[in-house]
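The chain below stands alone and is given in structure tokens; this is the form predicted alone.
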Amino acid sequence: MHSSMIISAIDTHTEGMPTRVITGGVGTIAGDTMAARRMYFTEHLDGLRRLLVNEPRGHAAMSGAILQPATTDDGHYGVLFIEVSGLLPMCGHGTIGVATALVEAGMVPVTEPHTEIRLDTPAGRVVASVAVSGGHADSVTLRNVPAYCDSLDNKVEVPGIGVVRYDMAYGGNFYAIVDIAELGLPFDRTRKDRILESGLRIMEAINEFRRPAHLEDERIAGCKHVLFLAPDSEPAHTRNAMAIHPGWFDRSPCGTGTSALLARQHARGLLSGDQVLHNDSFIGTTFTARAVDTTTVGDRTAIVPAITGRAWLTGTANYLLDPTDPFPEGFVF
């Protein structure tokens, strides 16, 4: 067996969305914070991301998380989130997958009925509370980074579509929230290609017109997600189709997207206090969310979201790179 590297992983899915949790073979990435490690990885090691998420080892909607030593004194692990579009500041479904893998692999001290895991991410500290019974991770409640509404009732001219109204909110990444009915599109997976094309056009127009940037960390910027709300969505029960750059849908309800949507519901006065939001994915799986605290980000009122979802282990693997492999960084098809 000839290989220039051996990358160990636990594969999971969170409500339908994969997370390849990298547990070994990468080493410690340079940087004294996870934000710094994200930048270093992007500039110097991005070929490893492409190797792990692109075909033939991955696929067009692949997502992953690279475990690192914590950068804080009380953290259990640091995490870098990888996907086909690059490295994310934060990933909710990925964190749920990571927490599930850490418990079931015995990589953290496990207590029942709940195990708390403190994770350092490029977006900040995230705490996962894992419901455990008989050693099994039944669900994960994620205390996310602060989420806030960036702006409401924006309008942008989108080529081939016309004027699109959207709200912009942050929940670990930036999300343009659009009522799909206003585009004349049905919330229907048989029309997913048209929905996805519309989402990519909207992202491009927003980034040219009013590219969002985090109020306290300019390294977190740009819109790579459009959250299409179904026509029958209610304040406390929404359905969404999440279009993501460069061209795929989130299979899960999206953890950072649910956080952003919760902040938007609060900003619009549709939810208050700790009212629970049920957010369904395009394939019908569900996250629940509620605000467990309030804070500020810059000069904006923000909420601290708690997101609950489930993940399951799907496999373990050692990924190899034969020196003669013609695709050392995979390929995009």
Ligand code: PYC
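Residue numbers here begin at 1 and follow the sequence given. Quick caveat, the model's predicted, so the values are computed rather than measured.
The form predicted in complex with pyrrole-2-carboxylate exists for this protein as well; it is not shown, and the discussion that follows is about that form.
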Check your understanding: So, in the predicted complex, is residue 248 in contact with pyrrole-2-carboxylate at a 4.5 angstroms heavy atom limit?
Key -> yes
Review point. Is the gap between residue 244 and pyrrole-2-carboxylate in the predicted complex 4.5 Å or less for some heavy atom pair?
Key: yes
Practice item. Evaluate residue 175 for contact with pyrrole-2-carboxylate in the predicted complex, applying a 4.5 angstroms cut-off between non-hydrogen atoms, and reply yes or no. Key: yes
**Study point:** Partner contact for residue 195 in the predicted complex: pyrrole-2-carboxylate, 4.5 angstroms, heavy atom
**Key:** no
Review point. Each of 91, 225 and 252 near pyrrole-2-carboxylate in the predicted complex, meaning some heavy atom within 4.5 Å?
Key: yes
Point to revise | Option from 92 to 100, 113 to 121, 183 to 191, 148 to 156 whose residues, in the predicted complex, bring a heavy atom within 4.5 Å of pyrrole-2-carboxylate | key: 92 to 100
